[in-house]
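Next up: just one chain, as structure tokens, the form predicted on its own.
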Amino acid sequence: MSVFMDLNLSYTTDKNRLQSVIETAAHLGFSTVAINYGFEPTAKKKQEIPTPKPINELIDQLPIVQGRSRPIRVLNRLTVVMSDSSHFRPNAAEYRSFDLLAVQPTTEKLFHSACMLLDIDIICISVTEKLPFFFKRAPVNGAVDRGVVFELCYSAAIRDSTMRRYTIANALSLMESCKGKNVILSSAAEKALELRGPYDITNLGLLFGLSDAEAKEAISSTCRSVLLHAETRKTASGIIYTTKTCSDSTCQQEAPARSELCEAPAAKRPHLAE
């Protein structure tokens, strides 16, 4: 049985609405969801990156997933809307509070940077307007090679007929470049009525240019790959470097220069030459 995920549920300060969305997702069979905190910096004033709320403050009790005996898993996600390269700060400590890290580039240059350089998990494709650039195969393939995925959200297509056209057009444009690889489908739902079941989303994926198998992977196995990529990214950024120490009493130091001497044969160590 497939494990279905929705990695984009819009955060709201209305606790009852957010609880209703999470409960509906569990009822529809989603085993994992992510609460998305949007962050759109502007040049006019300095803005602080939002801090994720503990899950026990958002919902009193996690609902049981339909068809399973375990409660739904809820993650935190940050999406940075980039209109300038300075809007994404690679070393920001605030990013570490989030399980998933995504960007939504608004220009071709920023899209190329997100695909090739930024240490992120998800590139969110805007579906509410016509994109001001075309998807080029080189940066898209670069993102695929790095394990970064592209996200298409369907709730905008439910709200408005104009956005529906943009959603389908932008999705088809993306599929021409990525060939259905590394794509996830999310809701970006603001209320429970905007959520759809896994098999309904699979049918929507066909409209977006995905095959039946690719559409199913876009809400299951590819989402799981995103979580593994996020764990790897966070682990890699927290590597603890250690150095070897020599067993000789005259070489009990941990400085990198000294440890290199320790690894050398005894005859080549300067302090043992005599």
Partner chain sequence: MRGDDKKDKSAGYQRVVLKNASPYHYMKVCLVLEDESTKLSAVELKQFIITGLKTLYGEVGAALNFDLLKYDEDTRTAFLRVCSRGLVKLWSSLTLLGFYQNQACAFRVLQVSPFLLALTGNSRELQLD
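Numbering follows the first chain given and starts at 1. Owing to the predicted nature of the structure, the values given are computational and were not obtained by experimental measurement.
Form predicted together with its partner chain: not shown, discussed below.
S.K.: Identify, from the list H112, R146, R73, R164, the residue with a heavy atom within 4.5 Å of its partner chain in the predicted bound form.
M.R.: Only one option qualifies, and that one is R164.
S.K.: Name the single residue among I49, L58, L207, L227 that comes within 4.5 Å of its partner chain in the predicted bound form, judging by heavy atoms.
M.R.: Going through each option in turn, the one that passes is L207.
S.K.: So which of 85-93, 156-164, 137-145, 100-108 is the stretch with heavy atoms within 4.5 Å of its partner chain in the predicted bound form?
M.R.: In the other structure, the partner sits against 156-164.
S.K.: Using heavy atoms and a 4.5 Å limit, would one call L62 a contact residue for its partner chain in the predicted bound form?
M.R.: Contact check for L62: no, nothing within 4.5 Å of its partner chain in the predicted bound form.
S.K.: So in the predicted bound form, does any heavy atom of Y199 sit within 4.5 Å of its partner chain?
M.R.: Judged by the heavy-atom cut-off of 4.5 Å, Y199 is in contact with its partner chain in the predicted bound form.
S.K.: Might Q19 be said to contact its partner chain in the predicted bound form, defining contact as any heavy atom within 4.5 Å?
M.R.: Looking in the predicted bound form, residue contacts with its partner chain do not include Q19, since no heavy atom lies within 4.5 Å.
S.K.: Contact with its partner chain in the predicted bound form for L195, defined as at least one heavy atom pair within 4.5 Å: yes or no?
M.R.: Judged by the heavy-atom cut-off of 4.5 Å, L195 is in contact with its partner chain in the predicted bound form.
S.K.: Using heavy atoms and a 4.5 Å cut-off, decide whether T24, L28 and N203 all contact its partner chain in the predicted bound form.
M.R.: Affirmative, all three are within 4.5 Å.
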